[in-house]
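In the block that follows, a single chain appears as structure tokens, in the form predicted on its own.
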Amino acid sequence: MAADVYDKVFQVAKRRGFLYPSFEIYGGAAGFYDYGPLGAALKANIEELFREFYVTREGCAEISCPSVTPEEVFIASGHVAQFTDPMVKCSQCGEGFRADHLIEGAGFEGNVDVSDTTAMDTLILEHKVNCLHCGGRLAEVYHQNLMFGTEIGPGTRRKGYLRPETAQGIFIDFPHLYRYFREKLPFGVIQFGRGYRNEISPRQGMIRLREFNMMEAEIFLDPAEGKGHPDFAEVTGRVLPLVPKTTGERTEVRLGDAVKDGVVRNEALAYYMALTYDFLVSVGLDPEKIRFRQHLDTEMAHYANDCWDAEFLSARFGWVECVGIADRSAYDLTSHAKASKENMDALRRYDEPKEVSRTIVFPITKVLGPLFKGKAKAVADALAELDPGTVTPEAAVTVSVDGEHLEVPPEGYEIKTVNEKVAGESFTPHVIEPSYGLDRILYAGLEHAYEEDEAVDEESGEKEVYRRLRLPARVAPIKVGVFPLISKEGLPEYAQTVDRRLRRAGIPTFYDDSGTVGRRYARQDEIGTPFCVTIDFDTLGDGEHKDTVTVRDRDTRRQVRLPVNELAGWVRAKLRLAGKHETVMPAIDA
């Protein structure tokens, strides 16, 4: 079978140092890849562009949290109970598979309800789905939790997990972050980091990994303000390709109309969909191969009340999710507040403080002191936190202090009404989350940038396939290839000086003096280098081209002659302007 684009991209990626299969000398392991020198540089450039979009432009803050997380966090978030995929095993060889993927692969054209194991069992029987390895009969479908478990600390037996997403660290830090932002909403926080999911059967290369890279933003806002966005007016006229859950059909829709008609739930969701589109195009995804698909009710994550996936079109895999933009409402902060007993609220401030009356359980300290001695203050605090509606007047009350249940006699407290001035009312913020799968975006950029054509080799005269990655200059791992025309007569020394000056100006370069200049151009085209500089005899001569170099553009193949002293400034200007397109904030490339 002829190699498709996926195979060709991976051949280039492995040969040129973008991606390597992990643990290859030991037979490899499904769901893991190493980033080689060029891949690591490309990944870093994409991360830096994300910072430019979300930190510099949007004003988000960046934090970094541990990957290992105590079990209590994921019990509260719902991941322990609900972060599962439907799994089925072969009753003969024991091989495991994603049940919904098997059903879809058997030609089922409907939507598989992954929450209904009985329905999936029926579909497997109806479509005569058997083991892909031995052809054996499949057992019943069940749900498999995808988190990697571990223990925190030797001998402590405290259970933990490798995080399946970076979001929870941000939610747990909300009280600190709220103070950092001077207790004003909305504000956003981003985090880069590794996520870990023990995927059942990762057979799609970079599309489905067990250890992967995420770029997530959590935007905290006040639901009373309608989940608007202060800059929504800038994108209301933007047209995006949407696939609403109500129709399942692609349609081009103005974002203002999509919000007005209720297709997109609120302005904040719509704004970050527009921002996501701009980011993906800046990375190098083909605008004609991007769409936004709304989650069906049967596939919605347990924490979301609406979600749109930004998907890219892959030659092999069809439409693939690479970003999820979810309205997580107040689910996470509410869950962690309930589980930890910590305050996760914000304050909606009044124009002027108001005097309000409220009923409290008031501790009588002169009674509690002799009774509870060193624990008296803790008992008093526990009483003050009780809901008066749950306390029977003139009856003993039981409170919990450090895991110990203590009984407080009726004379140790009283129910009373107090008047106090309050600055505002407490509420739990809602969250809009754009969550980016970095590995998928990087692969999509490579696939959409890949081009090839046949040309006659200047040395052999034979036809050869020339490959080119049209990566945007902003994210290309190498910005400039530097070549001496030939490897003698002082040209290499001058070229190395040019190479060093460019690198010291902050421009990543690759020096190459092997083979013909045509071969060197081809090698740089194949890794996406946007510019190549050649030092020739005119550079060293005494004529009008002394101390000038030839600069070749990867995409147009046009060449210009520039003075060496102007080269770094010219390249830096090109890098800032490369890939300019309509954006939410056009000043990004200014």
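From 1 onward, residues are counted along the sequence shown. Note that the structure is predicted; figures quoted are calculated from it, not measured.
The form predicted in complex with a further copy of the same chain exists for this protein as well; it is not shown, and the discussion that follows is about that form.
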| Which among 379-387, 156-164, 244-252, 423-431 is in contact with a further copy of the same chain in the model of the complex, heavy atoms within 4.5 angstroms? | 156-164
| remark: From 526, 62, 538, 553: within 4.5 Å of a further copy of the same chain in the model of the complex by heavy atoms is 62
| message | Going by heavy atom distances of 4.5 angstroms or less, which of 474, 468, 440, 89 would be at the interface with a further copy of the same chain in the model of the complex? | response | 89
| said: Taking a heavy atom within 4.5 Å as contact, would all three of 25, 211 and 512 count as contacting a further copy of the same chain in the model of the complex? | reply: yes
| Is there any non-hydrogen atom of residue 342 lying within 4.5 Å of a further copy of the same chain in the model of the complex? | yes
| Just to confirm, residue 34 within 4.5 Å of a further copy of the same chain in the model of the complex by heavy atoms? | yes
| message | Can you tell me whether residue 66 touches a further copy of the same chain? I mean in the model of the complex, with a 4.5 angstroms heavy atom cut-off. | response | yes
| Counting only non-hydrogen atoms and a 4.5 angstroms cut-off, does residue 559 reach a further copy of the same chain in the model of the complex? | no
| task | May I ask you to list the residues of 30-60 that have any heavy atom within 4.5 angstroms of a further copy of the same chain in the model of the complex, in sequence order? | result | 32, 33, 34, 35, 36, 37, 38, 40, 43, 44, 51, 56, 57
